[in-house]
Ligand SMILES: Cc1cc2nc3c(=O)[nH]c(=O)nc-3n(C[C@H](O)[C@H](O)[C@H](O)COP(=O)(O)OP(=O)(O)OC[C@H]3O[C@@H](n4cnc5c(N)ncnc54)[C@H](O)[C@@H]3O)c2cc1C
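The chain below stands alone and is given in structure tokens; this is the form predicted alone.
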Amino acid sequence: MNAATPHTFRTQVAIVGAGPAGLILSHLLADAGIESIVIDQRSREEIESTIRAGILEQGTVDLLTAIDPNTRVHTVGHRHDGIELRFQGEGHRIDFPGLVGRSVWLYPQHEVLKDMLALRLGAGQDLRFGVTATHVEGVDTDRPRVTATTADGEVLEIDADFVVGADGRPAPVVRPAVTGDSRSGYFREYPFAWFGILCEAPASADELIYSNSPNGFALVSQRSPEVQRMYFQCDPTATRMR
């Protein structure tokens, strides 16, 4: 097999991206008797080790529990019953259970991905790592196709009834093809950016702190009891902090 001889596969749903959206969708589809192929340009190790978002809302925890009653979110995760909002020099705690009867959980995204990858692979999911989608064609037909390349340079073509773009990275391939505008899609760019600090340290606070000031927004967040992440608003064109 080489780049000049594509290897073609047929499935009902082609899912580009093995993040939380793509993996959970593949489970829900399989539950409904619908087959899918999931591809991701990253290795399994990279997916499971990259530190990303850390907070899950109640609805997500409920879904993960429905998928796997033994999910580690209840044993490894930490429930947070509120947040603190700081503005005009004062802090204001928001009591989630008292207001809406719900909570959030500190359970980092890479831990969710470890769980979902083990579940999907254990269930026989066709899940291919190191496979990069290069383009999508036929989105206006009943037989769209995803063309991709493996880490070894082999070309794969996936014919499907539906193509799902769960490749939420800075340069996704599927989104521009399916959002109605092949040039840019429905994209809005805000005139600010976030400077993030990831550090190995104990938690600065029991719950997340969202702060607003004339200088912009800042967030004291967490990823685990040992790893913390803080953000502050900055100019997207800045090359250094003053």
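The numbering used is simple: start at 1 and walk along the sequence shown. Being a predicted model, the structure only gives us computed values, none of them experimental.
Not on display, but discussed next: the form predicted together with this ligand.
- A single residue from the set 234, 218, 21, 227 has any heavy atom within 4.5 angstroms of this ligand in the model of the complex; that residue is 21.
- Though this ligand is absent from this view, in the model of the complex it lies within 4.5 Å of a heavy atom of just one residue from 173, 203, 37, 209, which is 173.
- Contact with this ligand in the model of the complex, defined as any heavy atom within 4.5 Å, is confined among 153-161, 88-96, 67-75, 125-133 to 125-133.
- The closest non-hydrogen atom of residue 29 lies beyond 4.5 Å of this ligand in the model of the complex.
- This ligand in the model of the complex comes within 4.5 Å of no heavy atom belonging to residue 111.
- Taking the partner from elsewhere, residue 44 is found to have every heavy atom lying beyond 4.5 Å of this ligand in the model of the complex.
- Taking the partner from the other structure, this ligand in the model of the complex has no heavy atom within 4.5 Å of any heavy atom of residue 63.
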